[in-house]
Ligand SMILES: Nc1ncnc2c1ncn2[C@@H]1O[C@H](COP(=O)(O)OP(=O)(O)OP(=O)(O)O)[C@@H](O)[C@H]1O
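As a starting point, one isolated chain is supplied in structure tokens, in the form predicted on its own.
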């Protein structure tokens, strides 16, 4: 389980550290930085896939995602005595992401390119990566260290150099993880690759989830939701079919789900009380189809270590939110859950979880902060220096 999430200089998140538990809700008003936390987590996950640099490019490049305010905001600036203005930099420009877990911690430090003569001079460079054991980075607990192009790992007889020529756009997690020289790196990479993210499912008239699709065993619903029918059938055959039936009935009393198969193509059918025939997925309302997608995602026969949901209440009637909350809470028995939401009824339902944690964000002087959390409640965290 992740115990700490740390983000520095990403959009409005100048220095945000979250002490995570099994069930976490990130909330706050519009523009407070909720979506930035979600996107930062996705960037961390892209590191293990070798796609963090392209992912930053899709967001407009490093320059567009960096904290746009001064390196430090002095007390006089906060009190209005002096205007908000740039100050002399004490550290190099950086975007830093990291986490600590029950076993291993990891951080990545990205910065501006050092070779301005290259045609790729706007590509960010990976300046450093660190893996350690324990709740926070300290010298004695370091296991793998990447500084520029050089990577070394701690062995039984001391430090071993794994390479001195790692490309600035490659993460050590994707290039050097192996069970012999760096088993911790391999273990951490697979942990991060298991994280699962769900954002806004498509439910428009042309959404793939509304159309019959070729069916294969689908223990994990895709983030597009196109394989909804196959995912439902997989749950019925190798997952918890009773939980699926209960989840449908909880949201739609008297309703049930059937998966029709014709020449290998699967399609969801919904039986509703009072109707003489089932409704095909193409006939369902956007909210009903979206809820079925959430059922398929949250009842996966292969639950992830970390499940991150971004505004799952979108397009759902408020009366469905308590049932969705119960569905998410049941998923938290198998996965650590992070929910980004501003729906009060959903948050109220999630707060019934015995290990619920709520992080309410606010923005002050363009910077995202945590409301009602003092320094004594914050976990220890140290960024590595270059």
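Positions refer to the first chain, counted from 1. Because the structure is predicted, anything quoted here is derived from the model rather than measured.
Keep in mind that the form predicted in complex with the named molecule is missing from the display, and what follows is about it.
Taken together, the three residues 11, 30 and 34 all come within 4.5 Å of the named molecule in the model of the complex, as judged by their closest heavy atom.
Contact with the named molecule in the model of the complex, defined as any heavy atom within 4.5 Å, is confined among 314-322, 63-71, 44-52, 350-358 to 63-71. At least one heavy atom of residue 342 is located within 4.5 Å of the named molecule in the model of the complex.
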